[in-house]
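Next comes just one chain, in structure tokens: the form predicted on its own.
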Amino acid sequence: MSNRGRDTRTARSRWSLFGPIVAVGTALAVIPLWLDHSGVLMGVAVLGLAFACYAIGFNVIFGSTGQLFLCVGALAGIGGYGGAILADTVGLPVVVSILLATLVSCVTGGLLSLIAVYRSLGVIFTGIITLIFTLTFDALLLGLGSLTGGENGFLIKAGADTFLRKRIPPYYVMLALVVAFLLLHGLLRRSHVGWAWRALRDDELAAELAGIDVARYRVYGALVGAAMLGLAGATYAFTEGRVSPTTFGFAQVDVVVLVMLAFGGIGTLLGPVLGAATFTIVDEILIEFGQLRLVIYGALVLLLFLFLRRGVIPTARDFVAKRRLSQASAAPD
């Protein structure tokens, strides 16, 4: 292959990764132009980006390595509560508090994965273990009420006089995290780590026979995904200025993130962002229906998954591939 052909192939490969991420980042960057008049809508947009971050982190863990971590909210909560306590109670700088809380969340996710791997737990039992961890985390939040504020949570004083509490800047802070997470996940997918993840996800036994250290690469996935969750949870907590058990509750975070990821496409790069954007908009539209919105929401989710079992992006990709194949077969020789 000539140098020109190799360079062209490399450029196309890079564009196939960076192009969609740049397009998504640019499209999301103009949202404040329509919403900056409303603090409430800007808050909804920031929350939507936070859920996009959660979904990306969960996608790294579950979509890449097949580990069903039902503790997305708990890992994000470690970041949120940890960062807030370190900043307000201990008195550390906000950035240092966020980084330390992220580290704790990362290590916690790695330990959970290590336990699941070396105890040879399957998908269901991994989900049960991590769900128990979520329940334990919730109990700790209530039991350590003097530190965490109990059921009511507490207001975060640190960062109150910074850009993190303004109307527009928090949106771009969370958007920067979304883009950074997408880039990191995309680069990992194209590295030897990504190849190992795909191999063990498709056929764990075949991956082991091929010489892949399944345990190590699963722990890698948990470490990266948990770090994303912790960083997103800590950053969102400081932009919100308040933390409470419902901020990171199982029903409020884990269930929603799972639906978002399944809708967009598990294991796809942009599926988490598509799912987060779609359901943030849908939830805001249905809020006018009061309690009835839960019924409508459930029916909508049911219909979506009946007709889009693999998610929107894989379904669209298969449709385009079939159209091209049919057009190629119908073309004259």
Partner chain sequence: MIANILDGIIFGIQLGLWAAGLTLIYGLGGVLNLAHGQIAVISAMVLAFAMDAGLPALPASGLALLVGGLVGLFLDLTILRPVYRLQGEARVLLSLLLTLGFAFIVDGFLNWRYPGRALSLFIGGGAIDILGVPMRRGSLLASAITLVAFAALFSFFRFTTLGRAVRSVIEDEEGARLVGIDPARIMRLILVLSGVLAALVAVTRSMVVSVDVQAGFGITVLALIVTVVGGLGSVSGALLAGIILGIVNVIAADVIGTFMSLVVLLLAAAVTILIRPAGLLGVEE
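On a predicted model such as this, the values are computed, not experimentally measured, just so you know. Positions refer to the first chain, counted from 1.
A second form of this protein, the form predicted together with the partner chain, is not displayed here; the remarks below concern that form.
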For the chain seen here without its partner, which of 48-56, 22-30, 303-311, 272-280 has a heavy atom within 4.5 Å of the partner chain in the model of the complex? 303-311
Using a 4.5 angstroms cut-off on non-hydrogen atoms, would T246 count as touching the partner chain in the model of the complex? no
G298, heavy atom within 4.5 angstroms of the partner chain in the model of the complex: yes
Quick check on I287: any heavy atom within 4.5 Å of the partner chain in the model of the complex? no
Check A215 for me: does it contact the partner chain in the model of the complex (non-hydrogen atoms, 4.5 angstroms)? no
From L184, L155, V107, V255: within 4.5 Å of the partner chain in the model of the complex by heavy atoms is V255
Single option in L121, I168, L147, L92 placed near the partner chain in the model of the complex, where near means a heavy atom within 4.5 Å: L121
Residues in 112-134 that come within 4.5 Å of the partner chain in the model of the complex by at least one heavy atom, in order, are I115, R119, L121, G122, V123, I124, F125, I128, I129, L131, I132
